[in-house]
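In the block that follows, a single chain appears as structure tokens, in the form predicted on its own.
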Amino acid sequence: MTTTVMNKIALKNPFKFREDEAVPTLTPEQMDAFGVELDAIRARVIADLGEVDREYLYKIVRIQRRCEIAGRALFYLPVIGWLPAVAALSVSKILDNMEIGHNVMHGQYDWLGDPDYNSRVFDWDTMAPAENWKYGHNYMHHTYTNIVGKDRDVGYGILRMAEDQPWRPYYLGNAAYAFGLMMLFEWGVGVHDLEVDELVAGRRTWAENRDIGARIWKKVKKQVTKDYIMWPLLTGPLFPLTFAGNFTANIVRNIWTFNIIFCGHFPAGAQTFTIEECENETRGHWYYRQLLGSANISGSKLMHVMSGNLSHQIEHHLFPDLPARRYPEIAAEIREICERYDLPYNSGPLHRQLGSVFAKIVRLSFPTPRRKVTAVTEVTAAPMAA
């Protein structure tokens, strides 16, 4: 079998990124076989779901609730408890956002039959209304992952995160916009589906946003009332400290989630795609795009739990409806399949992935240098199993 290699491009740039290197593609037959192998993994895991997965979810929920109770209680002891209170509440919010909310709303636990953890009714402790998020994330992002012009998570409408996004002077502020988005990430995700950039460009109308905006307004009122009025009032004269504690816990959660999510799609080596490249896409090519457009973060079990197992972003994008706790156990198998098909498996420690993300944000602040095509080559693919 042969593998056709895309145009190999030499980029005269002080920053050398792996996405500038050649990326192997597969023949149609290889694509089909690749898809069949991944479908088999998904079917096997689904057949094995059961009590262990149920107990894992309930255990995480118990830990999250205990952390929140501890945090709320410690706000009554500001002299010795403010920092521990913020820490406990931050952990609670991160678990609620990542390992519980994100994964439950993906439908990963719909099979339980537990109405409290069904994706149709579950809502989480952030500004983003569940219904809006499920359309913008579950459908748009996971269907059109890293397709520039289709996946609005490529830059979130305010950043330049791919060279295929035309440069304009506005992007000189790329790093500043990214910092602002990181600090206010729950707000950014909350208003994401308004597509403000499309409104400004005249390609979207306010009428199209009426229902989306109504849901956002309802959720914002609920969150602001809870975090900045109700809970502070319940601590009486400690209102300012509790207010500040809730605000700080939300910021901590925002910073953590921003960094985990950006490391999942924008570190060195993560690929973007054009709309034309994905026309008439087969099941195998969809898997191939999810693989190349995602990246993992290596680390401890605690780090994986706190990331909602989105540290296994590759496995999540291949199988978004499988319980995330299953991703670590199938990661080695996915990596082995990638090696047989001579496909890259992008994984690295947090500091390395994060460093390359921020380098990319800075680099794409400026116009992309002209590329020089040096060769078009063919190579023999690595031997594959049938």
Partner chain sequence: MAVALGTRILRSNAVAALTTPHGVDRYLKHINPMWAAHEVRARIVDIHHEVDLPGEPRVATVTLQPTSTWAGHRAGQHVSVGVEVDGTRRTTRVFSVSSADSKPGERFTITVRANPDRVPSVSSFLAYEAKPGQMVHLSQAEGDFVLPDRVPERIVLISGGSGITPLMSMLRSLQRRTHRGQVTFLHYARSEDHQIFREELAGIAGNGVDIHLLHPEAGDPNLSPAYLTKLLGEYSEIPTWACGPAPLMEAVKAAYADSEALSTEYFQPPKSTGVAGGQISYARTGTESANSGETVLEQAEAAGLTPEFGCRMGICFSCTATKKSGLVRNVLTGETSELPDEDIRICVSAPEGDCVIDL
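Positions refer to the first chain, counted from 1. Remember, it's a predicted structure, so these values are computed and weren't measured experimentally.
Same protein, other form: the form predicted in complex with the partner chain, not shown, and the subject of what follows.
Looking at the partner chain in the predicted complex, residues Asp96, Asn118 and Lys222 each place a heavy atom within 4.5 Å of it. Heavy atoms of Gly113 reach within 4.5 Å of the partner chain in the predicted complex, making it an interface residue. By the criterion of a heavy atom within 4.5 Å, Asp321 is excluded from the residues contacting the partner chain in the predicted complex.
Looking at Asp125, you'd find a heavy atom of it within 4.5 angstroms of the partner chain in the predicted complex. When contacts are judged by a 4.5 Å heavy atom cut-off, Lys226 counts as touching the partner chain in the predicted complex. This chain is drawn without the partner chain; in the predicted complex, the residue among Ile255, Ala176, Leu234, Ala214 with a heavy atom within 4.5 Å of it is Leu234. The listed set Ala33, Leu354, Ala70, Val61 contains one residue whose heavy atoms approach the partner chain in the predicted complex to within 4.5 Å, identified as Val61.
Stretch 61-69 is the answer when you ask which of 357-365, 23-31, 336-344, 61-69 has residues with heavy atoms within 4.5 Å of the partner chain in the predicted complex. Residues of 37-55 lying near the partner chain in the predicted complex, listed in sequence order, are Leu49, Gly50, Glu51, Arg54, the criterion being any heavy atom within 4.5 Å.
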